[in-house]
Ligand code: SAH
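Take a look at this single chain, the form predicted alone, given in C-alpha coordinates.
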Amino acid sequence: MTSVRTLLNEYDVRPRKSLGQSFLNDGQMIRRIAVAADPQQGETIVEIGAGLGLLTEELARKAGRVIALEIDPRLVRALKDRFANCPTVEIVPGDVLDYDFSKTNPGGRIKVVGNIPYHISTPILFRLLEYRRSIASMLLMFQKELAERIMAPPGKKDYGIPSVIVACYASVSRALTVPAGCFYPEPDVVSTVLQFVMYEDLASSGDHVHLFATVRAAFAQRRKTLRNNLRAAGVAEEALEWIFRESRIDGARRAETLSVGEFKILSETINRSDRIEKFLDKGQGI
(Lines give C-alpha, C1' and ligand atoms only; values in the text may rest on other atoms or scores of the structure.)
Protein backbone atom coordinates (compact mmCIF):
# COMPACT_ATOMS: atom_id res chain seq x y z
CA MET A 1 0.00 0.00 0.00
CA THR A 2 1.35 3.42 -0.98
CA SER A 3 2.06 5.67 2.01
CA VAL A 4 0.29 8.97 2.63
CA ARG A 5 3.59 10.86 2.65
CA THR A 6 4.48 9.48 -0.77
CA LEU A 7 1.12 10.54 -2.20
CA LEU A 8 1.27 13.98 -0.59
CA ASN A 9 4.65 14.56 -2.22
CA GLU A 10 3.52 13.14 -5.54
CA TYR A 11 0.53 15.49 -5.75
CA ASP A 12 2.25 18.40 -3.98
CA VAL A 13 -0.36 18.58 -1.22
CA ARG A 14 0.08 19.66 2.38
CA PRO A 15 -2.50 18.93 5.11
CA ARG A 16 -4.76 21.87 5.93
CA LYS A 17 -5.55 22.52 9.59
CA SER A 18 -8.59 24.59 8.57
CA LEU A 19 -10.18 21.41 7.19
CA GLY A 20 -9.04 19.27 10.10
CA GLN A 21 -6.99 17.11 7.74
CA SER A 22 -5.18 14.21 9.35
CA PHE A 23 -4.71 11.26 7.02
CA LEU A 24 -4.90 7.63 8.09
CA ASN A 25 -1.43 6.31 7.31
CA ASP A 26 -1.36 2.81 8.79
CA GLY A 27 -1.92 0.10 6.20
CA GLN A 28 -2.98 -2.53 8.70
CA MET A 29 -5.54 -0.21 10.32
CA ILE A 30 -6.90 0.81 6.92
CA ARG A 31 -7.41 -2.84 6.04
CA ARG A 32 -9.08 -3.51 9.39
CA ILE A 33 -11.53 -0.66 8.79
CA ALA A 34 -12.27 -2.00 5.31
CA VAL A 35 -12.93 -5.47 6.76
CA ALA A 36 -15.26 -3.95 9.40
CA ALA A 37 -17.17 -2.15 6.62
CA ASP A 38 -17.70 -5.55 4.98
CA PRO A 39 -18.09 -4.34 1.36
CA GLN A 40 -20.06 -6.69 -0.87
CA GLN A 41 -20.66 -7.00 -4.58
CA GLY A 42 -23.89 -5.23 -5.46
CA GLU A 43 -23.55 -2.76 -2.59
CA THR A 44 -23.05 0.98 -2.85
CA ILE A 45 -20.70 2.55 -0.31
CA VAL A 46 -20.42 6.29 0.21
CA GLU A 47 -17.08 7.28 1.71
CA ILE A 48 -16.96 10.60 3.54
CA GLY A 49 -13.68 12.47 3.25
CA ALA A 50 -11.85 10.14 0.89
CA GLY A 51 -8.60 12.09 1.23
CA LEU A 52 -5.93 10.43 -0.88
CA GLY A 53 -7.96 7.29 -1.45
CA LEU A 54 -6.16 4.62 0.59
CA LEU A 55 -9.37 3.39 2.23
CA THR A 56 -11.24 3.99 -1.04
CA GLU A 57 -8.89 1.57 -2.73
CA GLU A 58 -9.54 -1.15 -0.13
CA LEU A 59 -13.31 -0.69 -0.28
CA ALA A 60 -13.32 -0.81 -4.08
CA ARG A 61 -11.69 -4.25 -4.09
CA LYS A 62 -14.99 -5.84 -3.04
CA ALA A 63 -17.80 -3.26 -3.22
CA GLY A 64 -19.93 -2.98 -6.31
CA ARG A 65 -19.71 0.81 -6.25
CA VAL A 66 -17.84 3.38 -4.15
CA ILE A 67 -18.79 7.05 -4.15
CA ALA A 68 -15.90 9.04 -2.68
CA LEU A 69 -16.88 12.44 -1.25
CA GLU A 70 -14.12 15.01 -0.87
CA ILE A 71 -14.33 18.76 -0.23
CA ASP A 72 -10.69 19.73 -0.89
CA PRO A 73 -10.15 20.49 -4.62
CA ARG A 74 -6.49 19.47 -4.38
CA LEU A 75 -7.45 16.01 -3.12
CA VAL A 76 -10.27 15.75 -5.66
CA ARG A 77 -7.69 16.14 -8.43
CA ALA A 78 -5.48 13.50 -6.83
CA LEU A 79 -8.40 11.08 -6.44
CA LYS A 80 -9.55 11.53 -10.02
CA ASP A 81 -6.02 10.79 -11.21
CA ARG A 82 -5.61 7.74 -8.96
CA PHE A 83 -8.98 6.19 -9.89
CA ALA A 84 -9.16 7.26 -13.53
CA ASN A 85 -9.16 3.62 -14.63
CA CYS A 86 -11.44 2.28 -11.90
CA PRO A 87 -15.06 2.34 -13.16
CA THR A 88 -16.52 1.28 -9.80
CA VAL A 89 -15.24 4.42 -8.04
CA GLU A 90 -16.96 7.78 -8.52
CA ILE A 91 -15.28 10.91 -7.16
CA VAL A 92 -17.79 13.53 -5.98
CA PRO A 93 -16.42 16.96 -4.98
CA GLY A 94 -18.28 18.95 -2.37
CA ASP A 95 -19.40 19.26 1.23
CA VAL A 96 -20.95 16.19 2.87
CA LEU A 97 -23.41 18.52 4.63
CA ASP A 98 -24.86 19.35 1.19
CA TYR A 99 -24.87 15.82 -0.22
CA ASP A 100 -28.22 14.11 -0.89
CA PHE A 101 -27.78 10.50 0.25
CA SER A 102 -31.32 9.60 -0.84
CA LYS A 103 -30.39 9.89 -4.52
CA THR A 104 -27.34 7.64 -4.34
CA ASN A 105 -29.20 4.34 -4.69
CA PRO A 106 -32.91 5.01 -5.32
CA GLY A 107 -35.05 2.15 -4.07
CA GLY A 108 -32.18 0.64 -2.08
CA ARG A 109 -30.08 1.38 0.97
CA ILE A 110 -26.39 2.23 1.10
CA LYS A 111 -23.47 1.89 3.48
CA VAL A 112 -21.58 4.95 4.69
CA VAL A 113 -17.93 4.84 5.74
CA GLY A 114 -15.77 7.73 6.83
CA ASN A 115 -13.02 9.30 8.88
CA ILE A 116 -15.07 12.42 9.41
CA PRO A 117 -13.61 15.81 10.41
CA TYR A 118 -13.72 16.05 14.18
CA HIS A 119 -14.67 19.74 14.29
CA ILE A 120 -17.98 19.03 12.50
CA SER A 121 -18.59 15.43 13.60
CA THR A 122 -21.93 16.07 15.29
CA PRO A 123 -23.48 18.05 12.39
CA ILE A 124 -22.37 15.30 9.99
CA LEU A 125 -23.83 12.58 12.21
CA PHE A 126 -27.18 14.36 12.46
CA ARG A 127 -27.11 15.01 8.71
CA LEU A 128 -26.68 11.29 8.10
CA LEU A 129 -29.56 10.48 10.44
CA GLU A 130 -31.80 12.70 8.32
CA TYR A 131 -31.25 10.11 5.57
CA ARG A 132 -31.85 7.10 7.84
CA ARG A 133 -34.35 5.60 5.39
CA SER A 134 -31.65 5.49 2.67
CA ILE A 135 -28.80 4.12 4.82
CA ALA A 136 -28.45 0.52 5.99
CA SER A 137 -25.31 0.94 8.09
CA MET A 138 -22.50 3.38 8.88
CA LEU A 139 -18.90 2.87 9.94
CA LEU A 140 -17.65 6.22 11.21
CA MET A 141 -14.54 7.42 13.01
CA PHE A 142 -14.90 9.92 15.85
CA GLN A 143 -12.76 11.48 18.51
CA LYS A 144 -12.89 9.02 21.41
CA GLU A 145 -14.71 11.47 23.73
CA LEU A 146 -17.57 12.00 21.27
CA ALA A 147 -17.80 8.26 20.64
CA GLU A 148 -18.25 7.76 24.39
CA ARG A 149 -21.08 10.31 24.41
CA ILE A 150 -22.79 8.63 21.47
CA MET A 151 -22.71 5.24 23.23
CA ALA A 152 -23.47 6.47 26.75
CA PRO A 153 -26.41 4.86 28.61
CA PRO A 154 -28.94 6.78 30.75
CA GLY A 155 -27.65 8.01 34.09
CA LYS A 156 -24.07 8.55 32.93
CA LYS A 157 -22.52 12.01 32.65
CA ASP A 158 -21.83 11.49 28.92
CA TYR A 159 -25.51 10.69 28.21
CA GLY A 160 -27.01 13.50 26.16
CA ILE A 161 -28.58 14.53 22.87
CA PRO A 162 -26.35 12.39 20.59
CA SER A 163 -26.87 9.35 22.85
CA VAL A 164 -30.65 9.56 22.69
CA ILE A 165 -31.09 10.52 19.04
CA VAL A 166 -28.71 7.86 17.74
CA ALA A 167 -30.25 5.16 19.95
CA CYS A 168 -33.67 5.97 18.48
CA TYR A 169 -32.52 5.17 14.97
CA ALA A 170 -29.65 2.68 15.18
CA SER A 171 -27.85 0.09 17.24
CA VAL A 172 -24.27 1.20 17.90
CA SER A 173 -21.15 -0.79 18.74
CA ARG A 174 -17.46 -0.04 19.06
CA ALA A 175 -15.58 -1.49 16.09
CA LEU A 176 -12.00 -0.25 16.53
CA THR A 177 -9.78 2.01 18.58
CA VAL A 178 -7.33 3.97 16.43
CA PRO A 179 -4.19 5.39 18.13
CA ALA A 180 -2.92 8.83 17.13
CA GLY A 181 0.20 7.24 15.66
CA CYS A 182 -1.87 5.79 12.81
CA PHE A 183 -2.31 9.27 11.30
CA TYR A 184 -0.24 11.85 9.50
CA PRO A 185 0.02 14.48 10.78
CA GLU A 186 -0.46 12.91 14.19
CA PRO A 187 -3.45 14.40 16.07
CA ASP A 188 -3.62 15.02 19.81
CA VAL A 189 -6.49 12.59 20.29
CA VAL A 190 -7.33 8.90 20.21
CA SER A 191 -10.01 7.91 17.71
CA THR A 192 -12.81 5.38 17.86
CA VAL A 193 -14.58 3.71 14.95
CA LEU A 194 -18.26 3.07 15.62
CA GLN A 195 -20.56 0.71 13.72
CA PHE A 196 -24.17 1.88 13.28
CA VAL A 197 -26.87 -0.49 12.04
CA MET A 198 -29.99 1.46 11.18
CA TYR A 199 -33.40 0.30 12.37
CA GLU A 200 -36.34 0.01 10.03
CA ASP A 201 -37.91 3.47 10.25
CA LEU A 202 -41.68 3.55 9.86
CA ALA A 203 -42.53 6.71 11.80
CA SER A 204 -43.59 9.88 10.04
CA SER A 205 -41.24 12.84 9.64
CA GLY A 206 -43.45 14.87 11.97
CA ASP A 207 -42.85 12.38 14.79
CA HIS A 208 -39.10 12.84 14.35
CA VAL A 209 -39.43 16.61 14.53
CA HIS A 210 -41.23 16.27 17.86
CA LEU A 211 -38.67 13.79 19.16
CA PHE A 212 -35.70 15.97 18.30
CA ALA A 213 -37.39 19.04 19.75
CA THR A 214 -38.18 17.15 22.96
CA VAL A 215 -34.65 15.81 23.44
CA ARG A 216 -33.00 19.11 22.64
CA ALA A 217 -35.26 21.04 25.00
CA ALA A 218 -34.90 18.49 27.81
CA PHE A 219 -31.10 18.73 27.75
CA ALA A 220 -30.94 22.51 27.26
CA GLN A 221 -29.67 22.97 30.81
CA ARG A 222 -28.63 19.66 32.33
CA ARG A 223 -29.06 20.75 35.96
CA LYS A 224 -32.64 21.87 35.44
CA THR A 225 -35.67 19.61 35.66
CA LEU A 226 -37.72 18.48 32.69
CA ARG A 227 -40.48 20.86 33.76
CA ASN A 228 -38.18 23.89 33.82
CA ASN A 229 -36.49 23.07 30.53
CA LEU A 230 -39.75 22.42 28.68
CA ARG A 231 -41.22 25.61 30.12
CA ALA A 232 -38.18 27.55 28.88
CA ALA A 233 -38.69 25.95 25.46
CA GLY A 234 -42.16 27.45 25.21
CA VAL A 235 -44.52 24.77 26.53
CA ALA A 236 -47.38 26.44 28.42
CA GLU A 237 -47.71 25.67 32.14
CA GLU A 238 -51.19 24.17 31.80
CA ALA A 239 -49.94 21.97 28.96
CA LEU A 240 -47.04 20.77 31.12
CA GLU A 241 -49.44 19.48 33.79
CA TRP A 242 -51.33 17.46 31.20
CA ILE A 243 -48.14 16.19 29.50
CA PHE A 244 -46.55 14.84 32.69
CA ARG A 245 -49.83 13.32 33.87
CA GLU A 246 -50.50 11.59 30.54
CA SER A 247 -46.92 10.37 30.03
CA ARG A 248 -46.58 9.27 33.67
CA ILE A 249 -43.15 10.89 33.74
CA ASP A 250 -42.23 13.01 36.75
CA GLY A 251 -41.52 16.57 35.66
CA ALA A 252 -39.06 16.92 38.55
CA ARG A 253 -36.68 14.46 36.91
CA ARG A 254 -33.66 15.53 34.86
CA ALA A 255 -33.18 14.56 31.22
CA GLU A 256 -30.14 12.37 31.93
CA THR A 257 -32.34 9.95 33.93
CA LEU A 258 -34.80 9.21 31.10
CA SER A 259 -34.42 6.12 28.95
CA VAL A 260 -34.79 6.32 25.18
CA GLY A 261 -38.21 4.70 25.53
CA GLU A 262 -39.30 7.38 28.00
CA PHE A 263 -38.13 10.12 25.65
CA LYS A 264 -40.30 8.59 22.94
CA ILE A 265 -43.31 8.51 25.27
CA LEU A 266 -42.69 12.11 26.33
CA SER A 267 -42.35 13.21 22.71
CA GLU A 268 -45.51 11.40 21.65
CA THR A 269 -47.43 12.99 24.53
CA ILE A 270 -46.18 16.47 23.66
CA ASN A 271 -47.20 15.75 20.06
CA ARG A 272 -50.78 15.23 21.26
CA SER A 273 -50.81 18.52 23.17
CA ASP A 274 -52.43 21.53 21.52
CA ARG A 275 -50.11 24.21 22.96
CA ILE A 276 -46.69 23.48 21.50
CA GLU A 277 -46.34 25.76 18.48
CA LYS A 278 -43.54 27.86 20.00
CA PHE A 279 -41.83 24.68 21.22
CA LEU A 280 -41.85 23.14 17.75
CA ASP A 281 -40.32 26.25 16.22
CA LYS A 282 -37.15 25.41 18.19
CA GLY A 283 -37.13 21.75 17.27
CA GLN A 284 -36.32 21.65 13.57
CA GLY A 285 -33.16 19.87 12.51
CA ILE A 286 -33.65 16.13 12.09
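Computed from a predicted model, the values in this text were never measured in an experiment. We number the residues from 1 along the sequence you see.
Below, we turn to the form predicted together with this ligand, even though it does not appear here.
Undergrad: Please check if residue 197 has a heavy atom lying within 4.5 Å of any heavy atom of this ligand in the predicted bound form.
TA: Heavy-atom contact with this ligand at 4.5 Å: absent for residue 197.
Undergrad: Classify residue 24 as contacting or not contacting this ligand in the predicted bound form by the rule of any non-hydrogen atom within 4.5 angstroms, answering yes or no.
TA: Yes, contact at 4.5 Å.
Undergrad: Is there a heavy atom of residue 78 lying 4.5 Å or less from a heavy atom of this ligand in the predicted bound form?
TA: Although this ligand is absent here, residue 78 would stay clear of it in the predicted bound form, with no heavy atoms inside 4.5 Å.
Undergrad: So in the predicted bound form, is this ligand close enough to residue 50 to count as touching (4.5 Å, heavy atoms)?
TA: Yes, residue 50 is a contact residue.
Undergrad: In the predicted bound form, which of 127-135, 155-163, 95-103, 207-215 comes within 4.5 Å of this ligand (heavy atoms)?
TA: Selected stretch: 95-103.
Undergrad: Find the only residue in 176, 71, 110, 172 having a heavy atom within 4.5 Å of this ligand in the predicted bound form.
TA: Of the candidates 176, 71, 110, 172, 71 is the one lying within 4.5 Å of this ligand in the predicted bound form.
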